[in-house]
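For reference, the chain that follows is the form predicted on its own, supplied as structure tokens.
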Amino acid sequence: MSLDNAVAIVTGGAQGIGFAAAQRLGERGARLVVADRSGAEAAARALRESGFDAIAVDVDVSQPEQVAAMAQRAEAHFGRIDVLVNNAGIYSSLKPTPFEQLTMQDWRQVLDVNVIGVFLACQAVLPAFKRAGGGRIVNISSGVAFKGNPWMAHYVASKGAVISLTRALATELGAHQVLVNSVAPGFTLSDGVHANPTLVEGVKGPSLRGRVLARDMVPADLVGAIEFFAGAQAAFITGQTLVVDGGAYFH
């Protein structure tokens, strides 16, 4: 599958799932915009050293001005935008917390990044998509939105919102040839997750026991689905969510 010369923005692209996605899209010929709060330049440099055409943008996706500047920089540098992968999100820093102990600040922090950030990024790239005659949005949601995992109600709700927004945008933007789909991972041992031993200890065991494919899930397990939705073979697919979790949830 070729994405030759397509311009792809990957938010949260400096590490983990985002970096793996950027690398796979680069392997398929895409030109890359690595967008992240930190580490974007180092990640883009690593991609360039691997032979890919990549630039970095420092962005906090919860801040409208920064997200708008991200889209402007991408289009100014490459001349167009074709793909947006909304991967930036808060998860790996969270600690499992009973619902009654969650605070309004806990909710706002997660929703600002995981939901408002997706909204802002989609809105920011839409003018460029229209000028290009179409585009692809791939939102990273989560399997927890279907399973309703306990002790992370704010995170579960945020990912449910991403799936619903995916469907709404697919309906609204289809007339502009903008296809909007979602990939819902299971518990993934990304760089950020490894840095939170409490999270790994609490979630890894139940995740493995619930999978048909009883092994750890890593970022490389997701990139094929992201590539598929970004590429030519998904040209008549929109509004869909593909669960990639080793068979923990049949959707």
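Note that the structure is predicted; figures quoted are calculated from it, not measured. Sequential numbering from 1, following the sequence displayed.
What comes next is about the form predicted in complex with a small molecule, which does not appear here.
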item: Residue among A74, V125, L179, I140 with a heavy atom within 4.5 Å of the small molecule in the predicted bound form; value: I140
item: Among the candidates V193, A56, V223, L47, the residue which, in the predicted bound form, approaches the small molecule to within 4.5 Å (heavy atoms); value: V193
item: Contact label in the predicted bound form: V113 to the small molecule, heavy atom within 4.5 Å; value: yes
item: Contact flag, A14 vs the small molecule in the predicted bound form, heavy atom cut 4.5 Å; value: yes
item: Close approach of G89 to the small molecule in the predicted bound form, 4.5 Å, heavy atom; value: yes
item: Contact test in the predicted bound form: R28 vs the small molecule, heavy atoms, 4.5 Å; value: no
item: Stretch in contact in the predicted bound form with the small molecule, which is absent here, among 77-85, 170-178, 99-107, 153-161 (heavy atoms within 4.5 Å); value: 153-161
